[in-house]
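Just one chain follows, in the form predicted on its own, and it is written as structure tokens.
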């Protein structure tokens, strides 16, 4: 996984208590955001257009999923425990295919994850996904080339990080803390890959259909991916300290530091 692979669990199913009904409706999403988000630490739901009854059921499902996802990661990767942050979970009730976004927000385009308002300062973005589609429909991903190959193509055009801009964005509250040089390069890499129509049209990828009832885990800051079709999935995000990894040299931070010959922390 730390080498940029996707771990696929064909029989690892998260089964909500409510297998059909109000939780499986696209009308739950308020459409101002891509997904419904849930903070395991506070229990706060965002992005849901639902009454008290639906919100209660939605909260119960996402709280159970967040707890189950955490236990899976701790069981699979116990060495991460000391450097793991249990971040937000999300529910994705909208069909991906046919949805229109600006290029930078369109996850149907190949990309690596970098969050504009949430700097990681080198920490890894680890995500667990589970397809809970009640009709048995798969969730389809495209998985692209290795991270280092992507970086080799775009790094020369990304420019140097600007520390003054990072401090200004943090000062006005546009970001949750200061973007490091690493955060700036990763966001530019994300944006450049999505904006480059020639790259999107010609770069090779593998298509994989994750069946309903399956789960998968990967470092989405390293795996070049695009979600092109599917409806009703759950996702849990974790942040992992580079020092907690079995092979820190495989992290995007260390790869970019080797390529730029400078510290990016």
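Positions refer to the first chain, counted from 1. Everything numeric here is computed off the predicted structure, so don't read it as measured data.
Only in words, not in the display: the form predicted in complex with ligand SIN, which the text now covers.
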Of the candidate stretches 81 to 89, 181 to 189, 152 to 160, 125 to 133, the one with residues having heavy atoms within 4.5 Å of ligand SIN in the predicted bound form is 125 to 133
Just one of 50, 227, 36, 217 has a heavy atom within 4.5 Å of ligand SIN in the predicted bound form. Which one?
-> 227
For residue 148, is any heavy atom within 4.5 Å of ligand SIN in the predicted bound form, or not?
-> no
Tell me, yes or no, whether residue 95 is in contact with ligand SIN in the predicted bound form, where a contact means a heavy atom of each within 4.5 Å.
-> no
In sequence order, the residues of 103 to 126 that place a heavy atom within 4.5 Å of ligand SIN in the predicted bound form are 107, 111, 113
